[in-house]
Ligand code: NIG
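Only one chain is included here, represented as structure tokens and corresponding to the form predicted on its own.
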């Protein structure tokens, strides 16, 4: 099957010229082709370039999508979400709006444990139904690859339930889903005052099963004061690596706790949040190439500090963006909205925001060899936007500008 995209006003390739990521000044180069075209064969990109270079004979057996006056980008990649959940926490949102802090809400039974209680009471079938609804909306907003974490079960049966939902949805849905095990998301109520016993349960029961059944690609942990200290995370992540789970970390979200430095030490694929990252942590990420996944939607939603993206990029850190879609700290699955926040609140340029939502975001999932840019041989995950130029994406916020979504070479119908 051959699909041709023609008359593209701006073809934003995000070409990396063989590199897996873009850093520093190279993030300004989006490889834009004016009046472009793309040829897709089966699920991969066969050719891309200017319309005048396109051989008309190549269109003979092709389905043609006329993209006149529209722009084309790689599908967005969202490398940090908690999309499988049940219940909602609008009451906590209302409490924050009148001055309650994240920690105060958690001390009153809110926060992560609120959702844990709901998920434990929800069947696997119903969890999958809720998640499928969100995934359909995610695709409509141009995200073609998404990471989903567990972490709302916090016991053996419910963590496995969530991971099985994620795995089955990846098999059943068009969107590509990457699974992450996050048993170390919080201390469950039944282990209050006995954190080490819960860590033992993670290490001795959960991780071996997840590894054996191949229910996840990554192992994550919430490295934060009051949750899991660096030594706890080192133990958990190291055990995950023994069964083939690649390391990630939630770090430096509420305090500067040395999480970025730990991620560099462990050779993590990414370290996420980083609102309170230290200068030493920034240098460690720049030196090791650990990807910084920044979550501006969380800072907006919780009225928290934003991560120092400008400083990170200027010092050579690989920066990616994600939504952190979840019921407590960011009820948005819109990558374009994250791009707007990156530009207005973190001093990122539109070009840097696009790179961070495509190629670098794919690298945060170890997928930039096959996703994240429009280059020959890569997967044909492409979005067509009904806007005049790529800078319009973060500029006209709150609107879904996606006209067509192409996943694995197939034009999706919604």
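Keep in mind that this is a model prediction, so the values were computed, not measured. Positions refer to the first chain, counted from 1.
Here the subject shifts to the form predicted in complex with the named molecule, a form of this protein not shown in this document.
- Contact check for 22, 293 and 352: none of the three has a heavy atom within 4.5 Å of the named molecule in the predicted complex.
- Proximity to the named molecule in the predicted complex, defined as a heavy atom within 4.5 Å, singles out one entry of 281, 142, 74, 328, which is 328.
- For the candidate set 312, 131, 343, 112, a heavy atom within 4.5 Å of the named molecule in the predicted complex is found for exactly one residue, namely 112.
- When contacts are judged by a 4.5 Å heavy atom cut-off, residue 161 does not count as touching the named molecule in the predicted complex.
- Interface residue remark: residue 333 is not counted as part of the site for the named molecule in the predicted complex, having no heavy atom within 4.5 Å.
- For the chain shown alone, residue 102 is a contact residue for the named molecule in the predicted complex, at least one non-hydrogen atom being within 4.5 angstroms.
- The named molecule is not shown here, but in the predicted complex it comes within 4.5 Å of a heavy atom of residue 152.
- In short, of 171-179, 199-207, 133-141, 82-90 it is 82-90 that has heavy atoms within 4.5 Å of the named molecule in the predicted complex.
- Looking at 41-78, no residue comes within 4.5 Å of the named molecule in the predicted complex, counting any heavy atom.
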